[in-house]
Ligand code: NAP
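One chain comes next, on its own, written as structure tokens: the form predicted on its own.
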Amino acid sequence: MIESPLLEKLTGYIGGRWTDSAQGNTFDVYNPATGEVIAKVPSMPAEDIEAAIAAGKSALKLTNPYSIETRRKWLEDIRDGLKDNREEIGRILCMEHGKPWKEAQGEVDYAAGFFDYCAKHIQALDAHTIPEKPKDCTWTVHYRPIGVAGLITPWNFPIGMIAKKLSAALAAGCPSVIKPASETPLTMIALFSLMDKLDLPDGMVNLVMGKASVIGKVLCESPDVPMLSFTGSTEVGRKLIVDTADQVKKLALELGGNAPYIVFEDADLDAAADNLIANKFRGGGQTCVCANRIFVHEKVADAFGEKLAERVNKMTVGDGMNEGVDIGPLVNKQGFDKVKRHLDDALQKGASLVAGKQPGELGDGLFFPPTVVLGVNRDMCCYQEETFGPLVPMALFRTEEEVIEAGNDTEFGLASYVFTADAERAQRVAAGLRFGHVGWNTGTGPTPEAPFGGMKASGIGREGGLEGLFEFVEPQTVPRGF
């Protein structure tokens, strides 16, 4: 079992108190590197979810709202707590997710950045009076908290994803009911251990854990939860849209991806290869923004493949707590089997293995070696589906128009990447790609300072930047007559 000063309580958190009324109903948390059970946490009943919503409702202040200064202090305190505990939170994250400890600590820094950004820009949520005086009135615009928000996060970024949501919710003055993924609840418990020591109002943050079907049903049906923010699959996102339609809840959804990574013939191939390694293998390839379809111009495909293979063959796979490990295990067998199915399907349909070893050669467990295949086409699973693992499928292209069409050949529109030395071409291709994020000569993903979100079936709304800061407020216009 895992031991940590941040995990002294392995329970839910409702109304400012650690709560366990699950009556012995628990679920196991595994270390994917070893297969060992490292914790048991409560699977909370519907009554607990309802209690968490009630606690949030009691913390909501409308007629006497929390001041900008108070909310800023909340954000700064959480930011500082994350920074002060980055190593230990990173260790917990590594143990339950599998990503290397150093990478996990980087995710803690990333999370702290969202609280820092919201603290520095929270003044944007203050009321303002418009300069015009139409209809002989003075018009003031207020940004009111939307109310209790349900925040549902995935397992691939256990601290980063909640930071995006919670920072904006607290900036707006919105209480929240938070559900982490069942694979990675311990990082969230660690965060709540930090917040329990802060001067947050009782009920401002509430933690519930357990079955998604139980928790989701209560959050969707409760009239006291006017907003849900969810990161996860498009399939679940569509269900949330249907399940909340009657109440016309506000939804912020970051859903699936199928990112194209386009390398033109004039690109700096070394830079493109280095960026692809950093982009694709972060979190073992289990990220919604990592390259899923790599399109390489036919003139440089062989050279790029060689550079990529050289880098991939130097990577180390193993337990993320060990020094020098580049890629940890996949989070569960379902994910492992999907990556293997994609690889087998590609090879059976004519793709060739450029780098990597067949799974199993590194021993038992969930370790999947970084693998590169060439000759991918749209009939293959790895082209049509989001792989979510360390498989790099490369396809060839000839023209700009062809690759724009191929890049858009998916229902998803989250992240994409373009490598070219031609600035005019880069602008044309970026404008043509229907993705909310287009990296030009970089494989970097989102940052707290800029809005991030999807087009098409990849979601609704934005996180990060001023756009993300405004997600949890409702503008209210107050004209005053003379």
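Because the structure is a prediction, the values reported are computed rather than measured. From 1 onward, residues are counted along the sequence shown.
Although it is not shown, the form predicted in complex with the ligand is what the next lines describe.
- Among the candidate residues A355, M321, M315, L240, which is the single one with a non-hydrogen atom no more than 4.5 Å from the ligand in the predicted complex? It is L240.
- Query: Which residue, G216, G106, P201, P359, has a heavy atom that falls within 4.5 Å of the ligand in the predicted complex?
  - Reply: Looking at G216, G106, P201, P359 one by one, just G216 meets the 4.5 Å heavy-atom criterion.
- Does S233 reach the ligand in the predicted complex, with heavy atoms at most 4.5 Å apart? Output for S233 is yes: heavy atoms within 4.5 Å of the ligand.
- Query: Does the 4.5 Å heavy atom contact test between G335 and the ligand in the predicted complex come out positive?
  - Reply: Although the ligand is absent here, G335 would stay clear of it in the predicted complex, with no heavy atoms inside 4.5 Å.
- Message: When the contact criterion is heavy atoms within 4.5 Å, does N156 count as touching the ligand in the predicted complex?
- Response: Residue-level check for N156: yes, a contact with the ligand.
- Query: Taking heavy atoms and a 4.5 Å cut-off, does E96 contact the ligand in the predicted complex?
  - Reply: No, no contact at 4.5 Å.
- Task: From the candidate stretches 292-300, 340-348, 207-215, 70-78, select the single one in contact with the ligand in the predicted complex, where contact means a heavy atom within 4.5 Å.
- Result: Looking at the other structure, the answer is 207-215.
- Message: Could you pull out the residues of 252-267 that have any heavy atom within 4.5 Å of the ligand in the predicted complex?
- Response: Contacting residues: E254, L255, G256, G257.
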